[in-house]
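Quick setup: one chain, the form predicted alone, written in C-alpha cells, and binding and motion questions come after.
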C-alpha cells in the first residue's frame, strides 16, 4: 500500500458511496456533485453487501479510488430494542465485507461512518473521542453500538497492519431529507414530525412523546454531515476516529416544541414516562474537526423547517 495522499483530492477519482439510497448516502451523493469526481453506486439487487462474495466482486469490478461506507441497518430505540439480531449481524457483515474487499481491491482511501450512540452511556459531557470504550453502553442500542465499534476498530487494524488509509467519523444524531418516517423504526426527529403533522391534520389536542422529555440530544442536519465527510476524506488521515456534530444540544422537550412550531401544530405534549429515555445526555466535543476547518452551518430551527418541507413533498404527498 502506497503512502497516503495528502490532501486527498477527489477531482477525477472514482468514488463509491455505499448506501447511496439512505439518508446519509444520498446526502453524500448530493455533496459530491461539486467535486468533479465519478460517483459510483450499486443497489442491493446487484450486490448485497451482507454477502462477502458479492461485496468483493463488486469492488473488484468497479475499482473505486475512494469509498464512503454509509451502508447500514439503522433505526430508533424501538427498532434497536426489538430487532437486535438484525442490527448486529447486518452491520457486522456489511462493514467486514466492504473493508476487507476495499483493501483487496486496492482502494486508496475509505471513510467508515460510526455513530455517537457507541459512546458509553454515562460518558463525560461533551464526549471526546478518547472516551470510547471507557464504560458500559446504552442497553437499548448496544447491538448496533457493538457492530459500529467493530467497524472503527477494523479501520484502525487495517491502517496498522497494511498501511491502508482507512479513517472513521462519529456523527451525532442526524435528521433531514431522506429520513425514515415510520413510528416503528424512526429516530426521534422524524417520529415527532410525523406525529405533529398527523395531529395538525386531524385536529388533535396533543401528541405523545416518549420518555420524560429531560434527556439532552444534539442534532445535525444530514447535508452538514455530508459536507463534513467530504472535508474529512480530503483532509484527514489518522487512526483516531473523529466526532462530527454541532457542539450544541437541547432537551427532548425543547426539540418537540421546535418540531411543533416547524409543523404549525399548536397543541400540547403528553410525555409517556413508561417509555425509555435512553442515555441522559449525548453531546459531542467537536473541537478536533473544528480545528480542521469545518463547522456545522445549519441551525436547528432552519433544519427542522427543511426536514418538514421534504416530508410534505416526498412522504405526505405520496401517502
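Keep in mind the model is a prediction, meaning the values are calculated, not measured. Numbering follows the first chain given and starts at 1.
Form predicted together with a small molecule: not shown, discussed below.
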With the small molecule left out here, work out from 277-285, 64-72, 48-56, 27-35 which stretch has heavy atoms within 4.5 Å of it in the predicted bound form. 277-285
Heavy atom within 4.5 Å of the small molecule in the predicted bound form: which of 241, 142, 96, 186 fits that? Just give me the one. 186
With the small molecule left out of view, choose which of 126, 76, 101, 178 has a non-hydrogen atom within 4.5 angstroms of it in the predicted bound form. 76
Kindly indicate whether 226, 246 and 300 are, all three, within 4.5 angstroms of the small molecule in the predicted bound form, using heavy atoms. no
In the predicted bound form, does residue 252 have a heavy atom within 4.5 Å of the small molecule? yes
Would you check, heavy atoms only and a 4.5 Å threshold, whether residue 210 touches the small molecule in the predicted bound form? yes
Exercise: residue 171 in contact with the small molecule in the predicted bound form, heavy atom 4.5 Å: no
At 4.5 Å between heavy atoms, is residue 108 in contact with the small molecule in the predicted bound form? no
